[in-house]
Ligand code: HEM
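Given next, in structure tokens, is a single chain: the form predicted on its own.
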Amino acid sequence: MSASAHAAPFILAQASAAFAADPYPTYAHLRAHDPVCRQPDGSLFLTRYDDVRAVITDAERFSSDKRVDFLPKFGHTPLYEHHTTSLVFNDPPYHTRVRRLLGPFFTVQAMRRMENSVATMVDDLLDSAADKRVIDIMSEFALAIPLNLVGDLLGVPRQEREPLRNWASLILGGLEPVRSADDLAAGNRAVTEFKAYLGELIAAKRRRGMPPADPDVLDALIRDHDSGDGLSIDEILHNCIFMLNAGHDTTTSLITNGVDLLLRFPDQKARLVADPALLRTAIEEMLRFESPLQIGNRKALVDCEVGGTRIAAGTFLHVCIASADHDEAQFPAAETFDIGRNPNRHLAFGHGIHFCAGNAVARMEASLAFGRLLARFPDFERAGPTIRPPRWRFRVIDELKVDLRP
């Protein structure tokens, strides 16, 4: 991108659809020339790896609590209630309490118990795909894997999972830097409908009775609530919505973006087919190169300094994980997609107390998805363009058609 393209200051709230399609040249310019970029509202946009990592790691000086900052954007609405109650936008002690209650379901041991069912699911999806030959890798493969796994974790009946994807998209879409009144209205309806559905599901579970062994996450949260040692019903509802949204949306993006990368870099695809032992590092490189969560947020709790810039207490920070993960100072040849890259200290899952609790599950799902896809259809090719919506906070693909047997 030419220098003239950057004559005007970067303003996140005015970012274009072209930026959403390929933000990385803009990030490279900011890292080089304006790594702590002040926005018109006084917030700061951070793009260098060291600065982003320092901020997301330091929970004592930088808060994740959004009760003050989300109020002007959402007002007293269902979206505000949801995003200020869920795990990700809170600090200790609330964050610690919720994570402690959810943690046992996302351990490596728990993940290993899920592997067989996920492997069977992937094989079934590929069986169905083989009959069609040309499929949309997002809707007919990548989406189904995490959506059904998280649905199983929460005990959502399979025949009732169809609305979950749309609810999640509308609710997470509300976090984008630019949203219309119609977008926000749709997000608020989605929260209301999602809560109502989960309330009915909880009532059904109570009628059925709590299982004596191997409860799902929602069973366990209800049991803890009833014992007086758990979350309130509203906290249960919002954190289950968060689990469903985060658990399937970002993993869907990981798998879909990963397929797109293999199509964009056929030499790396051929390398992975020839050497499946590279699968682990390949997935880490997919996470680095196209982080599903592109931009996070924090707020300074005290006067401090970041990247040589003095920051006043109360300043809102946009922490650009996508830019940090393309920083040449941390990743040599950062714009090269290298499936054997090691070390690879990317920030796609965050860092510190907000490090993604479901990271082991997401990695397991991606490993099974790519391992089985490439073993069965090593020669798959693109059958249509990569279609992305105009979203900045999340790196999303709406449609990517592939021909499995070209």
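A residue's number is simply how far along the shown sequence it sits, counting from 1. Please read these numbers as outputs of a predicted model, since none were measured by experiment.
We do not show the form predicted together with protoporphyrin IX containing FE (HEM), though everything after this point is about it.
This chain is displayed alone, yet in the predicted bound form one of Lys205, Arg161, His95, Arg264 has a heavy atom within 4.5 Å of protoporphyrin IX containing FE (HEM); that residue is His95. The contact residue chosen from Ala362, Val55, Ala369, Leu46 relative to protoporphyrin IX containing FE (HEM) in the predicted bound form is Ala362, the criterion being a non-hydrogen atom within 4.5 angstroms. Annotated contacts: Thr251, Leu254 and Arg298 all touch protoporphyrin IX containing FE (HEM) in the predicted bound form [non-hydrogen atom within 4.5 angstroms]. Segments offered: 224 to 232, 81 to 89, 274 to 282, 307 to 315. Contacting protoporphyrin IX containing FE (HEM) in the predicted bound form at heavy atom distances within 4.5 Å is 81 to 89. Using a 4.5 Å cutoff between non-hydrogen atoms, His354 counts as a contact of protoporphyrin IX containing FE (HEM) in the predicted bound form.
When contacts are judged by a 4.5 Å heavy atom cut-off, Met138 does not count as touching protoporphyrin IX containing FE (HEM) in the predicted bound form. In the predicted bound form, Gly187 stays away from protoporphyrin IX containing FE (HEM), with no heavy atom inside 4.5 Å. Taking non-hydrogen atoms only, Phe349 approaches protoporphyrin IX containing FE (HEM) to within 4.5 angstroms in the predicted bound form. Of the residues in 242 to 261, those that come within 4.5 Å of protoporphyrin IX containing FE (HEM) in the predicted bound form through at least one heavy atom are, in sequence order, Phe242, Met243, Ala246, Gly247, Thr250, Thr251, Leu254.
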